[in-house]
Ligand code: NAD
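Here we start with a single chain on its own, the form predicted alone, put down as structure tokens.
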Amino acid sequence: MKKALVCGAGGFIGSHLVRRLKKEGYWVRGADLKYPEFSKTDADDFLKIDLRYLENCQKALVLPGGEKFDEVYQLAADMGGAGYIFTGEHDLAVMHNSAQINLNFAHLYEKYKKLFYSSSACVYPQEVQMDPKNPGLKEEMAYPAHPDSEYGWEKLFSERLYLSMMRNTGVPVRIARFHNIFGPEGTWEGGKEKAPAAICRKVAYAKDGDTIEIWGDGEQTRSFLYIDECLEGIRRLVESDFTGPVNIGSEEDITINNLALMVAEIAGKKINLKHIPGPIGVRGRNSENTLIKEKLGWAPNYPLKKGMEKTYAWIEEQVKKKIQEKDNY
């Protein structure tokens, strides 16, 4: 039985990854500051610890008899949606906390056999994302480097950190650049939620004919990837002999305005849009999947609308629970 450590196992992607690995027959340990918020963890063992501290990372990597983990999945990071990343108010925490975790695991390379690192499309330069009709971001476009946020700079640094670790130690590394992963059991309120969840929440609270607020002019474009496709990409990459970095994202882009109208249609509501000032990030971001097709013989193809239907149904249920709790109180 293979053994895996999932760092960030209390988060959205991490908790889903634990579930996927268990279905594949792995023994899984999760490690995070928190337990999953919306469901019980499927991990065989879960350590509620702060991975910014080296001694906690060492503790997470200890197995009986000095055995090594077959795979470490390093997803732990200080992150959130545009309202968290692009205001500049959290830059120090984002850079320091995430970099510290990655420095710890690079230092402890002797305690595991292979490491997967979750990077981000935020590593790509601002200059190639000024057009809402972005034709797609190819992996080699990350350099010359000029990410649009400190979050992106830290991700790029950590990519290079782990590639240096592999060159100097021989421990295999796999790196994926995620493009806006969404789905059920993700953060949907509180300021760290991403656009799909934020829009689903606003529409779920709205009555037919109401108006919801959209940051900027709403013509900025993104591609969004459903969680199951993300997990499939992770597992295919880890099982392959390709290091990366490689995009794991959809090539189906959409404006934020049209995403809001899609959710309204799913909800069966007529919703009006009001545009207000707010952090919007780059104008156009889309995945370009030539490399993943070439190296893994696969690329995401799950329709955005199907993923949004599942996500909206889940968030609508959360909103109804919240309203009921408030009424009961």
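These figures come from a predicted structure and were not determined experimentally. Heads up: residue numbers just count along the shown sequence, starting at 1.
Below, we refer to the form predicted in complex with this ligand, which is not included among the displayed structures.
A.B. asks: Sort through 28-36, 260-268, 63-71, 294-302 and report the only stretch with a non-hydrogen atom within 4.5 Å of this ligand in the predicted complex.
C.D. replies: One stretch meets the cut-off, namely 28-36.
A.B. asks: Run the contact test on 12, 120 and 155 with a 4.5 Å heavy atom cut-off to this ligand in the predicted complex and return yes or no.
C.D. replies: Yes, all three are in contact.
A.B. asks: Look up in the predicted complex whether residue 193 has a non-hydrogen atom within 4.5 angstroms of this ligand, and give yes or no.
C.D. replies: No, no contact at 4.5 Å.
A.B. asks: Is there a non-hydrogen atom of residue 44 within 4.5 angstroms of a non-hydrogen atom of this ligand in the predicted complex?
C.D. replies: Result no; residue 44 lies far from this ligand in the predicted complex.
A.B. asks: Answer for residue 283 alone: is it within 4.5 Å of this ligand in the predicted complex, judged on heavy atom distances?
C.D. replies: No, residue 283 sits far enough from this ligand in the predicted complex that none of its heavy atoms falls within 4.5 Å.
A.B. asks: Check residue 255 for me: does it contact this ligand in the predicted complex (non-hydrogen atoms, 4.5 angstroms)?
C.D. replies: Flag for residue 255 set to no.
A.B. asks: Exactly one residue in 237, 173, 137, 79 has a non-hydrogen atom within 4.5 Å of this ligand in the predicted complex; which is it?
C.D. replies: It is 79.
A.B. asks: Tell me, out of 115, 75, 197, 246, which residue has a non-hydrogen atom within 4.5 angstroms of this ligand in the predicted complex.
C.D. replies: Here the answer is residue option 75.
A.B. asks: Within 4.5 Å of this ligand in the predicted complex, which residues of 176-210 have a heavy atom? Give them in sequence order, or say none.
C.D. replies: Counting only heavy atoms within 4.5 Å of this ligand in the predicted complex, the contacting residues of 176-210 are 178, 180, 181, 194.
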